[in-house]
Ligand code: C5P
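Heads up, the chain below is alone and in the form predicted on its own; it's given as structure tokens.
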């Protein structure tokens, strides 16, 4: 027996790392991290339709080939947790470059976890959502929150920071494949107890800078990414892109995640425009920072036909 389909058009926003420190390799095989996540306006488009049915079937139609698509895994995991069956159809317009350190796949998975309970009319509360997200990937829990947040542990323990002011910037994604496993392996060889202590102190400074309106001097100086040393040594063209962004007035300019995308934020529109013109031979995406308030508002708007009020996570009006 089947019911009527319920559908929605979603935006799955990308992220950048305003700061990223790697401390040590943990006994569970992951690395202990300290990072500041920030959602940005670059986003995948996802159309989803859910139809109640006796058996579960998940179909994903995408404009690019995506091995091991997290959308499918997230949908199946969410249905299993809710003890529901049904037909799910996804149409994915992939706009976030893959393998660039921008969290596109993780954001797509989080979008499924937020939207599917609303369309299915079966709530998934925070503990269950966070557990599912962490099982799908280290970046996925952040996209249940959005805005600016500190992440520690392997990246799944999150603490919200006040929203950043609405700054504009550029993401340069040159299409270079960086192996995350190789980057971690090479970085692990350089980690010491002394470096851990230094990183903890400097990361605290960066987090405080991200939590209050920084002075121009502080804004220019905070923000580091430990992966840059090992990734830039293998891909000097990425280091060159960062240097160009800094020379063009970006503050900060950093690689995101383990690469290969490099971003720069600008406080002046004319500098941003000149940088866009100067880098036109590259694959460049103009961006704005997306605050948590904007993130929530976009989700409420996208799911508004199926929700009963503006609560977070979004709550279904079909739930009984």
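Residue numbers count along the first chain shown, from 1. Note that the structure is a prediction, hence the values are computed from the model and not measured.
One more form of this protein should be noted, the form predicted together with the ligand, which is absent from this view; the next part is about it.
Contact between residue 29 and the ligand in the model of the complex is found at the 4.5 Å heavy atom cutoff. For residue 154, a non-hydrogen atom is located within 4.5 Å of the ligand in the model of the complex, even though that partner is not displayed. Among residues of the shown chain, residue 138 is one whose heavy atoms approach the ligand to within 4.5 Å in the model of the complex.
The ligand in the model of the complex comes within 4.5 Å of no heavy atom belonging to residue 66. Of the candidate stretches 74 to 82, 121 to 129, 181 to 189, 241 to 249, only 181 to 189 has residues with heavy atoms within 4.5 Å of the ligand in the model of the complex.
Of the residues 60, 279, 43, 33, just one reaches the ligand in the model of the complex with a heavy atom at 4.5 Å or closer; this is 33.
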